[in-house]
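Shown below, as structure tokens, is a lone chain in the form predicted on its own; questions about how it binds or moves come after it.
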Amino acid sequence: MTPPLLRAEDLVLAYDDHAVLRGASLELAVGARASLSGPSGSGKTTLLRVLAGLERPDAGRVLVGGEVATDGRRLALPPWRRGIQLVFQDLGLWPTRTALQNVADAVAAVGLDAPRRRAEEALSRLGIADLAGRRPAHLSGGEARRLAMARALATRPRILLLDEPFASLDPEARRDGFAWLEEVLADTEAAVLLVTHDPWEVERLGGAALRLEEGRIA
């Protein structure tokens, strides 16, 4: 039987005396789409960071393709070997690098060949090829989000974790954002987990609708 592409088992994480995750578990199959909602401060971003290997839980496991990636405080697989790309709400773009360099550097970091060519293709696909020489500070909010998505997708991730990437956009821009996200995902088998507070985004994405409350997922 094929294992889930991503599996989290009973994740527990506390900061000082505040428990954020209290046995959170989830599964994503190849090509799956799922949304994750929950109250502000419930630990949604923390969960994504644990899945990506950027944060270590106190207990529990993360498996990627059936291989143990995190086992309690031990990282068995570093973030760059998980095939996971995480797009934060604040995007995390490198401010001193141009749009093209942002993407090419990410491609090179995961060991893929021809990083410049892949970067140019990704920018073109997301409709921002003409912005290749600009730095993030000189991009609009929508352009910066396209750049963050281009950087993530150019690395050919197996799993795409999206932390409210459209939260600050107006309704029309959000609809446009979803349209190009779906277009790009149409020819990939990447699993997608989208953190959102918006019921429209949950319905538009489809798939499983998960909710994080009191440190557990329903």
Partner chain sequence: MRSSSADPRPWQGAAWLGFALTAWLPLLPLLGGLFGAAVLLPFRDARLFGLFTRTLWISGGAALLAGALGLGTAVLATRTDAPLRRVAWVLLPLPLLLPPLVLAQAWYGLTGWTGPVTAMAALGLAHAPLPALLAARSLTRQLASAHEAALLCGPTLALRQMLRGALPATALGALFVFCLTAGDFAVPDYFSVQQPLFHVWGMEVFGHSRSGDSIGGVRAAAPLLALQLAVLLLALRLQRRLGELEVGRGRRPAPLPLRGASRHAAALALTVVLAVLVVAPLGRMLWETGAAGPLAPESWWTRSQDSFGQVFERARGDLLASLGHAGTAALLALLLAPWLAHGLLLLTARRRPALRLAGSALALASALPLLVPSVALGFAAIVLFDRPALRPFYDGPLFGSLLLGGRYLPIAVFLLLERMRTLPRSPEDAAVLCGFPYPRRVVRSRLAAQLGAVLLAAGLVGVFALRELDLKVLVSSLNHSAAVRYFNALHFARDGFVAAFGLVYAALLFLPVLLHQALTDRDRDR
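Positions refer to the first chain, counted from 1. Note that the structure is predicted; figures quoted are calculated from it, not measured.
One more form of this protein exists, namely the form predicted together with its partner chain; it is left out here, but the text below deals with it.
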| property | result |
| --- | --- |
| Proximity to its partner chain in the predicted complex, single hit among Ala132, Leu112, Leu139, Leu75 (heavy atom within 4.5 Å) | Leu75 |
| One stretch from 171-179, 25-33, 54-62, 186-194 that, in the predicted complex, holds residues within 4.5 Å of its partner chain by heavy atom | 54-62 |
| Gly127 within 4.5 Å of its partner chain in the predicted complex, heavy atoms | no |
| Interface membership of Asp105, its partner chain in the predicted complex, 4.5 Å heavy atom rule | yes |
| Partner contact for Arg116 in the predicted complex: its partner chain, 4.5 angstroms, heavy atom | no |
| 4.5 Å heavy atom contact, Arg158 to its partner chain in the predicted complex | no |
| Residues of stretch 85-110 in contact with its partner chain in the predicted complex (4.5 Å, non-hydrogen atom) | Gln85, Leu86, Phe88, Asp90, Leu91, Gly92, Leu93, Trp94, Pro95, Thr96, Arg97, Asp105, Ala106, Ala109, Val110 |
